[in-house]
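The chain below stands alone, shown as structure tokens; this is the form predicted on its own.
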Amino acid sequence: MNIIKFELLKLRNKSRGWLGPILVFILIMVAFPLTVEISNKDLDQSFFAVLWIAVLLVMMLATEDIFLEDFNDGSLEQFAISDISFPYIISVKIFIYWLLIGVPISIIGSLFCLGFTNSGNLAINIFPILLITSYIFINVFSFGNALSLTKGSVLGTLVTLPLLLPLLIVLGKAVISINLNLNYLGFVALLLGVLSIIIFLIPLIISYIIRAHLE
């Protein structure tokens, strides 16, 4: 519990780390209708493509230095030799980032969905998908940033972005199912299955990568 409070307070006090990505997300969503014709009948459909890309970019931005500060000040080394499980510490850090960034973005994204589509049902259905997707994104990008911890964030982006392309396809199919009033819960279950694997596997892999950087 102490490590959770520590990470929560540390990120909360670093407003640039969590407020910046949220403001960038809002800016993208506000700028979107300004770049298309208001009379465009497909505006509500193109909105979802912009939504998923915006979430992906913001999660990539949010995790750019998720481990770098702790690596530079020696905190990661202390965590690695502490009695607390290192993968658990990594998973807590990722969860705190998702809690302060992913959850607000999911709420804001659902509100924008309501504004663009005028469908409360669609906005409600999109909300859990946004929650799951943002958590998957932040885990995968954290993995990428662990890989490029001492080499800059470009390498991590190049490695992790291709891994997320199949997920974008699933998100597109889920939106189509919701719009056609089909059963979209299968896609939600698929996303949850992917997330359940990632939240256990990614912190474990990241812990080994960071230990390699520390040695």
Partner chain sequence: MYQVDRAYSYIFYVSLVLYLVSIFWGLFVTPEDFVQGNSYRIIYLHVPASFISQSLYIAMAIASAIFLIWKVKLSAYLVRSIAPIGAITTFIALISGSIWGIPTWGTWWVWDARIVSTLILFIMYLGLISLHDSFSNHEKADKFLSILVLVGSVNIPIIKMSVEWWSTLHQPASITISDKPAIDLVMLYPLFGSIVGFAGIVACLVILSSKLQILRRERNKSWIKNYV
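Positions refer to the first chain, counted from 1. The model shown is predicted, which means the values in this text are computed figures rather than measured ones.
A second form of this protein, the form predicted in complex with the partner chain, is not displayed here; the remarks below concern that form.
This chain appears without its partner; in the model of the complex, the one residue of Leu182, Val30, Val159, Leu57 with a heavy atom within 4.5 Å of the partner chain is Val159. Residue-level contacts in the model of the complex: of Ile178, Val188, Leu147, Ile26, one residue has a heavy atom within 4.5 Å of the partner chain, and it is Leu147. Contact with the partner chain in the model of the complex holds for none of Leu100, Pro104 and Ile107, as no heavy atom of theirs lies within 4.5 Å. In the model of the complex, at least one heavy atom of Ile169 sits within 4.5 Å of the partner chain. Contact annotation: Ile205 falls within 4.5 Å of the partner chain in the model of the complex, judged by heavy atom distances. Among heavy atoms of Leu165, some come within 4.5 Å of the partner chain in the model of the complex. Taking the partner from elsewhere, Ile53 is found to have every heavy atom lying beyond 4.5 Å of the partner chain in the model of the complex.
Residues Ile205, Tyr208, Ile209, Ala212, His213, Glu215 are the ones in 178-215 with at least one heavy atom within 4.5 Å of the partner chain in the model of the complex, listed in sequence order.
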